[in-house]
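Next up: a single chain in structure tokens, the form predicted on its own.
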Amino acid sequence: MRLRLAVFAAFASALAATAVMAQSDIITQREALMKEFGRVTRPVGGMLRGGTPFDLAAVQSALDIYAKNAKALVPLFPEGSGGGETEALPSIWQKKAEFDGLLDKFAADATAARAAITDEASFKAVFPGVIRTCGTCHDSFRKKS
């Protein structure tokens, strides 16, 4: 009987450790995608403010990353993956459909902007609408730093 209990306890511990590692991996993955958003947005933001010369290829690359990462993020916020040292607010899981909808909108807006932006004038007209969704998501679903 003791052997069975010991085996069961070892199995339960291994299962719990696996769940913690899997959750940690999900958090690491989504943080990497979010950091990539920031990395590609900085130079494009400089273009929008006029401090950096316009570069269509960099804008298109940023929009491609927005669309790809926004789609990849949706499954990386499963129920129970909050907490820890993340900036994710509990409202993500309380309003999951709204959160997922914003990610879907961000991907769709980035894809549409990729086709619409052909020069600096169209960039300055279209791009602010794309990043407005970032602000909406940050306001509702990210801890203020």
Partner chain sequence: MDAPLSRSTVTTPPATVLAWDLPTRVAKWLLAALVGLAFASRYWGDGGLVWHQWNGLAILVVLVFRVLWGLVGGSTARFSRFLRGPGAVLSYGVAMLRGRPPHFLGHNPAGGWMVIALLGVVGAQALTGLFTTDDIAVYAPLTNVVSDETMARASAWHQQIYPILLVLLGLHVAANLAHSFLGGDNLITAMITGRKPRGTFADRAPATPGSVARALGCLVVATAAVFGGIVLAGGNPFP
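What you see is a predicted model; the values in this text were computed from it and never measured. Positions refer to the first chain, counted from 1.
Below, we turn to the form predicted together with its partner chain, even though it does not appear here.
Its partner chain is not drawn, but in the predicted bound form it has a heavy atom within 4.5 Å of Thr41. None of the heavy atoms of Gly129 is located within 4.5 Å of its partner chain in the predicted bound form. Interface residue remark: Gly82 is not counted as part of the site for its partner chain in the predicted bound form, having no heavy atom within 4.5 Å. Looking at 45-53, 74-82, 90-98, 112-120, the stretch with residues near its partner chain in the predicted bound form, meaning non-hydrogen atoms within 4.5 angstroms, turns out to be 45-53. Taking its partner chain as it sits in the predicted bound form, the stretch 121-142 comes within 4.5 angstroms of it through a non-hydrogen atom at Ile131, Cys134, Gly135, His138, Arg142.
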